[in-house]
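What follows is one chain in structure tokens, specifically the form predicted alone.
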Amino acid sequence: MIPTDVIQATAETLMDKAAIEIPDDYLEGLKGAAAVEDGDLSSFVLQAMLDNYQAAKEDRRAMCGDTGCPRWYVKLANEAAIEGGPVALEAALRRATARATNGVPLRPNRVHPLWRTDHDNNVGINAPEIEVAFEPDGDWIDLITVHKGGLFGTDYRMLFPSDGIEGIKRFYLDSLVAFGKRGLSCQPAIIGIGLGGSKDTCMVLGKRAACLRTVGDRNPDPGIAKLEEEFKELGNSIGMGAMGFVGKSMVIDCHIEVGFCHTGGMQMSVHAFCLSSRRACARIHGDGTVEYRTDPQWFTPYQRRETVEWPATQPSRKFA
């Protein structure tokens, strides 16, 4: 039985880590971008980012004044038992969010959409978002917090099968140009692309692709993995760099996730996880011990399964 107080304490620690500590994979990706950037302003901004990250860690202060909108991704292993059940789990995460807002501190960004009611704690109606998934084995729970920017850096379009890969590329480039020219996201960013599903599923897949995969990770489908590499290179070839200045460091990496969709459509979403890639993860084991890490390990074979039963009884069809 996993105690609720352990869940809350772990969640509060994760909030602190996400706001202050850049994940190693993104930090190495940023250093790689800085090493090859030749745009004057982009190079200056990239170095300023690296200096800022170091200062934030040393001073234990948030790396960016806008700490985004905290959200939670929870993975429950099949045999996990939680004191008080799933309602107690949600309550612990809401308490942790409120306490961290005043403790880290985080900027209280959440308000009522109409009345602008602000409780100064990032908690309210449907806030923070708590998404739950499952795994077939084990007695652990994974807690992942992401402080995602809450305004721009996201777009959606209904494409059609006849648009093909070229149509996907066009919308991808349209989105990146708009993000850069209009200041809709803070580059360089990890770009997540959702393809297929219904409209809501497509948006969820794209956001998870941006926030829950590490730099350098590739989709197990070799055709999709090839597209990810191509889209990363393509995104860095449009003449935009850090914060939209002239350069070639707009995309630290590109991740693509897919869902089966209606035969007549091909939904697509594009999401930018900004230069403050705020995520932190922990596994709470059934005996109450806690293991912290920076890789969410969200997209397991189980999460990408396409067969009726599990384990899979037939091979997946690959995209060529």
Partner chain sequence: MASNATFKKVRLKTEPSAEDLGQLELGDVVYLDGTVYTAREGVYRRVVEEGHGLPIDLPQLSGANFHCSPAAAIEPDGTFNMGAVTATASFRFSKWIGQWLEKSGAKLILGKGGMSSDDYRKHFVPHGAIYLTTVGYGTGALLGRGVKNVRSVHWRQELGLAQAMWVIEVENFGPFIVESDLQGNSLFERENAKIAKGLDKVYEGTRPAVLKRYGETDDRSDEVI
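Numbering follows the first chain given and starts at 1. Note that the structure is a prediction, hence the values are computed from the model and not measured.
The next section is about a form of this same protein that is not shown, the form predicted in complex with the partner chain.
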Answer with one of L76, I238, I82, V123: the residue that has a non-hydrogen atom within 4.5 Å of the partner chain in the model of the complex.
-> I238
Counting non-hydrogen atoms within 4.5 angstroms of the partner chain in the model of the complex, say which of V215, I130, L173, A88 makes the cut.
-> L173
Is the gap between F245 and the partner chain in the model of the complex 4.5 Å or less for some heavy atom pair?
-> yes
Contact label in the model of the complex: T145 to the partner chain, heavy atom within 4.5 Å = no
Is there any non-hydrogen atom of E37 lying within 4.5 Å of the partner chain in the model of the complex?
-> yes
Give a yes or no for D51: in the model of the complex, does one of its heavy atoms lie within 4.5 Å of a heavy atom belonging to the partner chain?
-> yes
Given that the partner is absent here, state which listed stretch (130-138, 186-194, 200-208, 223-231) has heavy atoms within 4.5 Å of the partner chain in the model of the complex.
-> 186-194
Taking the partner chain as it sits in the model of the complex, which residues of 274-303 have a non-hydrogen atom within 4.5 Å of it? Please list them.
-> L275, S276
Between G183 and G241, does the Cα distance in the model of the complex come out closer or farther than in this form, changing by 3 Å or more?
-> closer
Since the CA distance of M203 and R182 differs by 3 Å or more in the model of the complex, is it closer or farther than in the form displayed?
-> farther
